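Heads up, the chain below is alone and in the form predicted alone; it's given as structure tokens.
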């Protein structure tokens, strides 16, 4: 088999899908590829390099929507494309959004987002600040969705009612008042709310 960074990253991603990030190793990927694990070091620098390669690979394969010139529409389209692609591999979602990416192909979505912002009138410096704001909100929303352990909420109505009842007995007045709402979540609606809040903030930023 001819090894390439793309082949190795795709195989590592399948390993993460099956066993989680903690189950990923150079040897596990080599077994899937039926090669000596030492041969992988010609393409990736240990496990850290493998994780970075996976992050870059996922980012480089996002189906980016064509820009329309409408800031709101383009940011919404970018955000939803980003979310949909990241959540195809929920075990790797946190990895995709937190590992450093330096490959040109992995940086294509960042370039696209900056282009949307600059086209809307933001200077390069402003575009970077706005993109960081947007990504901070999107990353938080996606990480929460990918790992329900990060939240009190569930999408199951019966389980949500049980959690709300428990929260109401803790003697915390604000939490008790919001118990029914904080125990239940609609991931799609929550993401839409996050994107809308980001857009509202972005609209208030003067452009220069």
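Numbering follows the first chain given and starts at 1. The shown structure was predicted, so the numbers you read here are calculated from the model rather than taken from an experiment.
Form predicted together with the DNA: not shown, discussed below.
The DNA is not drawn, but in the predicted bound form it has a heavy atom within 4.5 Å of residue 31. Taking the partner from the other structure, the DNA in the predicted bound form has a heavy atom within 4.5 Å of a heavy atom of residue 27. Proximity of residue 38 to the DNA in the predicted bound form falls within the 4.5 Å heavy atom cutoff. A residue is said to contact a partner when one of its heavy atoms sits within 4.5 Å of a partner heavy atom; residue 43 meets this definition for the DNA in the predicted bound form. Here the chain stands alone, but in the predicted bound form its contact with the DNA, taken as any heavy atom within 4.5 Å, falls in 46-54 among 176-184, 155-163, 46-54, 66-74.
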